[in-house]
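Take a look at this one chain, the form predicted alone, written out in structure tokens.
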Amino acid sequence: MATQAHSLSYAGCNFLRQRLVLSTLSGRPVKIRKIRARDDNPGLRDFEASFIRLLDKITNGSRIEINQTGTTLYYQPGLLYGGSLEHDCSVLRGIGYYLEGLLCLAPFMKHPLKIVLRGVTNDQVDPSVDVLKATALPLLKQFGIDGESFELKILRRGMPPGGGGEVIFSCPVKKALKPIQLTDPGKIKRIRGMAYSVRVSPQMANRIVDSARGVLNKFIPDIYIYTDHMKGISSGKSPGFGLSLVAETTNGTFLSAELASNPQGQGAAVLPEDLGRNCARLLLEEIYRGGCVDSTNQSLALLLMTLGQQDVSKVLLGPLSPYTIEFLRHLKSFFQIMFKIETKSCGEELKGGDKVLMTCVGIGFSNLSKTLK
């Protein structure tokens, strides 16, 4: 795979974000060729170019070269710098697309990161800001990334295709990460949710809540689903509604599911009742898959384990998503780290689907930028 000891070379547009994030952390340059070379519209898409611009903003001294057609990208990472920034995300993807990358990089900046992101807060492709706030932030806290300035706040909601949402993400810097042992997910103790509606009748959110509770009330009494109806300028530019649900276990594991309505003018209209029911079923599916980290954040957990101190970290996951499997291959290329993977079949004590126990020894990654102050 690697052309020379130093720089890594890939072909194709898949997993572009993974490669750029790992390149930034490991300091190894990457060259990516044949990006949609055979497409009618070749080269980098708008949202990928926007992600590259974001990386350029949070680093100092990165070198980025893109050929004229946009089909070849050379990226030589600089130092992670951080500071107070603003970024307008492409409305083709959700803000979650950019946040997932930032969550991996933010703890290792020179200055604490405080960034305002504008764009689509909830869509059908990327994890919404609500879900990342409810699941990814507690996960980072397990690794010792915490502080008063650690928050993710939604100022405005924006639905596709118009966007118009705005969020603030701030994260303190860490010198080193704690190793973790997350092997017992615990039992589900409560379910929290957020039904939101923008530029449609506020009644939509209530209808979603009723239908979701109709499914979940059979299992557990402690359910609270908030309704969030943003008005005026806070509601973005396009109408829509949706629901995000998070189940919390006795051991502090968070499992999430979410659904959003079809963007205006695309696809058939979705009934709020159907959306609520389907989202509740998705949450049950996620609980069945189980593990100590939900399928959205598997790769984030594995990355933080890799970068941890030179000590053993263990985490129990549900079935690995295809994205996570590719991520493991990339971790091997960039950091030469291999995970020990043990399958745990659903025996007496493990309910639900088959689980995977992932074990690794961290590489002892230390935030060098922070010591230069």
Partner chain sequence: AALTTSDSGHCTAEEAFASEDASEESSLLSSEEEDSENGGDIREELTKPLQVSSGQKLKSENLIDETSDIEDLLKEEDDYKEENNYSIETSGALKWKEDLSRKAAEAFLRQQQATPNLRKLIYGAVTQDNE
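Values in this document were obtained by computation on a predicted structure and should not be read as measured data. Positions refer to the first chain, counted from 1.
Same protein, other form: the form predicted in complex with the partner chain, not shown, and the subject of what follows.
Participant: With the partner absent here, would 213, 217 and 271 each sit within 4.5 Å of the partner chain in the model of the complex, counting heavy atoms only?
Facilitator: The answer is no; none of 213, 217 and 271 reaches the partner chain.
Participant: Residue 341 near the partner chain in the model of the complex, any heavy atom under 4.5 Å?
Facilitator: Looking in the model of the complex, residue contacts with the partner chain include residue 341, since a heavy atom lies within 4.5 Å.
Participant: Just to confirm, residue 320 within 4.5 Å of the partner chain in the model of the complex by heavy atoms?
Facilitator: Answer yes; at least one heavy atom of residue 320 falls within 4.5 Å of the partner chain in the model of the complex.
Participant: Is residue 328 close to the partner chain in the model of the complex, meaning a heavy atom pair under 4.5 Å apart or at it?
Facilitator: Residue-level check for residue 328: yes, a contact with the partner chain.
Participant: Hey, in the model of the complex, is residue 314 touching the partner chain, heavy atoms inside 4.5 Å?
Facilitator: Contact check for residue 314: no, nothing within 4.5 Å of the partner chain in the model of the complex.
Participant: Only one of 66, 49, 37, 337 gets a heavy atom within 4.5 Å of the partner chain in the model of the complex. Which one?
Facilitator: Contact check passes for 337.
Participant: Which of 45, 31, 57, 332 has a heavy atom within 4.5 Å of the partner chain in the model of the complex?
Facilitator: None of the other options qualify; the answer is 332.
Participant: When the partner chain is placed as it is in the model of the complex, which of 37-45, 57-65, 22-30, 320-328 ends up with heavy atoms within 4.5 Å of it?
Facilitator: Checking each option against the 4.5 Å cut-off leaves 320-328.
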